[in-house]
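Given next, in structure tokens, is a single chain: the form predicted on its own.
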């Protein structure tokens, strides 16, 4: 596709009014350490790789690029299970009055606990990875799970959820309406609860637990980066759907490096750029994007910000960027075939958009202004998170092998 015919990147610096910042404490280092200890109790636990793209960074004129490869997480090809599993455990902790430290994997999956708490149905809505993670965790606990998926979801992603013994359907609804349906159904059933990674007034505790669950990934990446001899990242590019992941990563690194925060760039799909539009609007109030939100980046096709995450991001994020699909497709190809000598990474549509954005900013003169504004140069150590692998192998091949750039 001719570059002149492509939609352009849109970006804005964060000039939002600062507020009380009461949600930042949710991602304190001590909290993330506790979450990490919980996840380490899982027999499936293994630290996912932090890939150092030394030759790519030299090619782009940077000091370092580090990329956290979440395609190895618990055999589920995506990071989302970290949040869903921890939130389910915290919910069980709340109904049993047991501290989370007393509920490792071996206890959660025991017949004794199952007999004590009875049968619970966990409801959720998902574009794919979150629902698969919740279904996986519920399945391990021998509990029920009901998952609603939005229009445009592929059969492959539906099958991933069904394979975890969940009840799952693709609805003639967008993501946010699927969330509303899941919430309504959970409210109308006995012994049912919604495990959702977005928040609204009156539903904030569980989304906060999900965000805290992502702290394991941030803590791992931070520790691994230091083993490479890098004291801290100067820049973090992080993708956002509702913003829970972005808020969690921002929160972790802001707490850890409060005296010298990394510049965090929040990256969204163009058709679902609710955080970018919230920054454009300027008051600090979250804005909503509606419609079908058809995009390659299924996992980012969310139009209503998580209020908890937004509270952190509006106080600390440096820049918000809205990306067309071609940015993600470019990132997938760059990671599949990086500079010679760097390890290739299988990164899916929602996982690779930050790599595509970073490359575009550094190589396209049209975006010189954002490069200069961010201060990206030979002293920059950039951290990226590849949040998923080839969760839909057929679509992955269509993009990486056959040149597909958009839907």
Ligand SMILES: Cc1ncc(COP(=O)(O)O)c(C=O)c1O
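Fair warning: this is a prediction, and the values are worked out from it, not measured in the lab. Positions refer to the first chain, counted from 1.
What comes next is about the form predicted together with this ligand, which is not displayed.
This ligand isn't shown here, but in the predicted complex, which of 89-97, 73-81, 111-119, 187-195 has heavy atoms within 4.5 Å of it?
In the other structure, the partner sits against 73-81.
Sort through 272, 134, 240, 249 and report the residue having a heavy atom within 4.5 Å of this ligand in the predicted complex.
Contact check passes for 240.
Only one of 145, 199, 300, 236 has a non-hydrogen atom within 4.5 angstroms of this ligand in the predicted complex; which is it?
Comparing distances to this ligand in the predicted complex, the residue within 4.5 Å is 300.
Taking this ligand as it sits in the predicted complex, is residue 127 in contact with it (heavy atom to heavy atom, 4.5 Å or less)?
It does: once this ligand is placed as it appears in the predicted complex, residue 127 has a heavy atom within 4.5 Å of it.
Quick one: does residue 350 come within 4.5 Å of this ligand in the predicted complex, counting heavy atoms only?
Residue-level check for residue 350: yes, a contact with this ligand.
Would you please decide whether residue 322 lies within 4.5 angstroms of this ligand in the predicted complex, comparing each non-hydrogen atom pair?
The answer is no: residue 322 has no heavy atom within 4.5 Å of this ligand.
Does residue 295 reach this ligand in the predicted complex, with heavy atoms at most 4.5 Å apart?
Residue 295: no contact with this ligand in the predicted complex.
Across 368-401, which residues bring a heavy atom to within 4.5 Å of this ligand in the predicted complex?
Contacts from 368-401: 387, 388.
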